[in-house]
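In the block that follows, a single chain appears as structure tokens, in the form predicted alone.
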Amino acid sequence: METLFNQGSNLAGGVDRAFIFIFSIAIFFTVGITALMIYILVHYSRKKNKNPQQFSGNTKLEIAWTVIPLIIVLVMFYLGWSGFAPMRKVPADAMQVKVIGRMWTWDFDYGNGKISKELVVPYQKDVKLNLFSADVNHSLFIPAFRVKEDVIPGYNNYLWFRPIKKGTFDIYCSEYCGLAHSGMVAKVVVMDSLEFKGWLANLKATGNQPEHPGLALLKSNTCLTCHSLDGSKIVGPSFKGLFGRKSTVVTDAGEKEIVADEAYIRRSIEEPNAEVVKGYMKGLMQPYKGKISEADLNTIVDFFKSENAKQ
């Protein structure tokens, strides 16, 4: 079964047993009921002139169709519970990793500012993932490990597993979290303990740095729902490398080339439909004129300047 279903963690077997049993029962009854329907249609067709008979009061049959489904449902419950219960019992010595989900990426925090875009874990070592969301509802799903848990703002959730196979496995977000939901993917890399220790020792500390207040303003105003930070194209142009970037915009008077300086960024926030970058639709962003303060505008512009200086 392990080879057939690519079980990557110690918890996968319990999930697969419940799935196989429920799926088998569904197939059995689907085939059985369909076969019975076909038999009745043929056996009692008009050509054979057979009249179907009505009968009632068969106690044995009534007991059978009550007891047998009850037993099947109880077995389903038992297999489901026996597969689920261990998922909430975390071993005391499990290695802990903080997982932050945000639109639309995963960050894996190993402490001391060491943050990775891949979840790297040691082979045959219990691992607990502490799940946090920086914005909206997400759901961390590792299919090969058969583990999935919601990542909810303000709710401290978790999951754990013990990898029983080395290699690289997929991570998905299984809860719709916005336009780039389908691109919110990552990898689990399972390696030997000694190799993992070397990887962790060489991982540069890039976290634990205060977030720029301009970025916090962009998040609070849901700007990152339509504009990415990594260069990917969604509803609006990406914020990556924005300050100083040359673009062609469409205005009521026609097309023109602009440079994304401080004045342009301000206009784009206050009157976003006056100059729309070519290739993007007009009317999708609401004007923020009068809705955002001068101080906040300065803070946002400063964020774009500081990001440009880093590149």
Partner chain sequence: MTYTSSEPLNYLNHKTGLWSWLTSSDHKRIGLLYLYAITIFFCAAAILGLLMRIEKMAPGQTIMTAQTYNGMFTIHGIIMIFIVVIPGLAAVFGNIFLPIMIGARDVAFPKLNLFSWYIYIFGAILGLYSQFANGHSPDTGWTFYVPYSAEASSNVVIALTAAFVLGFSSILTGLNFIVTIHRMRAPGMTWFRMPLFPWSLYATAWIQILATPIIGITLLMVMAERLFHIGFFDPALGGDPVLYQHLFWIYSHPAVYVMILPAMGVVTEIFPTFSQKPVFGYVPIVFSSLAIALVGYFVWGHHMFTSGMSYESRWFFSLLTFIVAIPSAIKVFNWLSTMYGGSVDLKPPLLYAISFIFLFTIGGFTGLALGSLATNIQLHNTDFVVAHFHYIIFGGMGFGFFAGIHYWFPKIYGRMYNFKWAYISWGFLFTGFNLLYFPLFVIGIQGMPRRYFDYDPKFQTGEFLSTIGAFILIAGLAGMISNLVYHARKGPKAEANPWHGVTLEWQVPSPPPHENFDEIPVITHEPYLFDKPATK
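Positions refer to the first chain, counted from 1. Computed from a predicted model, the values in this text were never measured in an experiment.
This next part talks about the form predicted together with the partner chain, which is not shown.
The partner chain in the model of the complex comes within 4.5 Å of a heavy atom belonging to residue 80. Mapping the unseen interface onto this chain, residue 57 counts among the residues with a heavy atom inside 4.5 Å of the partner chain in the model of the complex. The partner chain is not shown here, and in the model of the complex it never comes within 4.5 Å of any heavy atom of residue 114.
The partner chain is not drawn, but in the model of the complex it has no heavy atom within 4.5 Å of residue 94. Of the residues given (98, 166, 148, 240), 148 alone sits with a heavy atom within 4.5 Å of the partner chain in the model of the complex. If you check the partner chain in the model of the complex, you find no heavy atom from any of 120, 200 and 249 within 4.5 Å.
Heavy atoms closer than or equal to 4.5 Å to the partner chain in the model of the complex belong, across 86 to 112, to the residues 87, 88, 89, 103, ordered by sequence position.
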